[in-house]
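Single chain ahead, written as structure tokens, the form predicted on its own.
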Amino acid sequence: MKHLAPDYVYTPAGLQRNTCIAISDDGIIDSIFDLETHAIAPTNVDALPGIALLPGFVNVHSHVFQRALRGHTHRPLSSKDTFWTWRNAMYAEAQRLTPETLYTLAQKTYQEMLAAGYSSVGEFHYVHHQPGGQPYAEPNAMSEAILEAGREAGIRVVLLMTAYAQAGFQQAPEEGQRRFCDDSVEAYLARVEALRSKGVPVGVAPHSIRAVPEHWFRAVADYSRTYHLPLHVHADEQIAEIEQCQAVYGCTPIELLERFGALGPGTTIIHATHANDTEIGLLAQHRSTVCVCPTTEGDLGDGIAPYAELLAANIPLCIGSDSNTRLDPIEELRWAEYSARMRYQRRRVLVADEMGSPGPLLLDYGTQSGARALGLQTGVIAPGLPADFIGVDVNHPAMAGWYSDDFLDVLFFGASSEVITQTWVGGRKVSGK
């Protein structure tokens, strides 16, 4: 049994002092108790002076290989650059990957995530095969490279295996997309099953309504329900996608997802940037989740999600680093609130009640809500759950002047991941001194 005694612990009851956390040998929180009323020998306790332990952040949506593009796509790619011109640069980068280079890039990126305070990541993985589309001798070679990188770094990875079949509605894949694509939905599901049956934490991820036809969606959704797996899908990120969907099917992307049987409590919509009231109503009806990725959405010029409408409909939100143009959960959550303020021209948009402050709800979005979206039992410091923590330096200059009742607001609006000095995953310190 391991015992940690930081200056503060953030539990569901709020910020606690003089608290000790007992962690079992398998990395599960055994108990949390008051040091003033519980006698324990000092030699059996690891003191963490000047530290507040918070639950580790959950990165719900990552394309780890896109970390290689950071800062390199801001030169002109056309006379009017958009998501679609950026996508060409991303495809070119994807063509250069091998299992070996993907492993190296993923390991370094996952170490960067841990240092920033992410303890778990949902890896939306779609570079599956060799350039040209020929499978590797080991069909899941690229998936195994990511999983090994996660194990080596120490982060918890949920592999969101992406289904990809076409370039657009009823269009054959482009050359740059062939290594993303399986020959059939059966071949795709066989690769997923090979990982799931080995105990790998997986989810299914039809890439988008553009990239996956109806019969694929139905088969993938059925598989997710059979094995109680999360289903993640990009939707409503771009106006062009919505216009194309309306032209072909006479409805919007999220309406089409319902028609295809792909909405449910285990479904997470990535972005939903341009979701309308009807679509938001469908998400609420099916108890689906939305993952916002503010730094990537800002980088690509996607737009600002309808935060107030999503909140009013009680739709859970979570965050993702997406293209990994920045890795800082505090920044991601701050920009969710800041961009909402710009959209609605008022302050305190993301609050649990009209007289509350944003800090507690932002923490929930970054931890518990993200964990649920990935099917994980984590995101809160409580007995019986994995010991996934971040250590915040309460004496850091960026935290100066905090009080117990505004600690989270000072963290999210006055600091960055520079105040995070350590990250623990399953009771093991994997980042920091």
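Note that the coordinates shown come from a computational prediction; the quantities given were computed from them, not determined experimentally. Residues carry their position along the shown sequence, with the first being 1.
If you look for the form predicted together with another copy of the chain, you will not find it shown, but the lines that follow are about it.
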For this session: Tell me, please, which stretch of 188-196, 82-90, 125-133, 162-170 lies within 4.5 angstroms of another copy of the chain in the model of the complex when heavy atoms are compared?
Result: 82-90
Exercise. Another copy of the chain in the model of the complex: within 4.5 Å of a heavy atom of each of 295, 304 and 409?
Worked result: yes
For this session: State the residue from 249, 338, 260, 103 whose non-hydrogen atoms include one within 4.5 Å of another copy of the chain in the model of the complex.
Result: 338
For this session: Let me know the one among 178, 334, 210, 286 whose heavy atoms come within 4.5 Å of another copy of the chain in the model of the complex, would you?
Result: 334
Exercise. Do residue 416 and another copy of the chain share at least one heavy atom pair within 4.5 Å in the model of the complex?
Worked result: yes
For this session: Indicate whether another copy of the chain has at least one heavy atom within 4.5 Å of a heavy atom of residue 50 in the model of the complex.
Result: no
Exercise. Are any of the heavy atoms in residue 347 no more than 4.5 Å from a heavy atom of another copy of the chain in the model of the complex?
Worked result: yes
Exercise. Can any non-hydrogen atom of residue 398 be found within 4.5 angstroms of another copy of the chain in the model of the complex?
Worked result: yes
Problem set entry | Sequence-ordered list of residues in 61-76 near another copy of the chain in the model of the complex, where near means a heavy atom within 4.5 Å | 67, 70, 71, 72, 73, 74, 75, 76
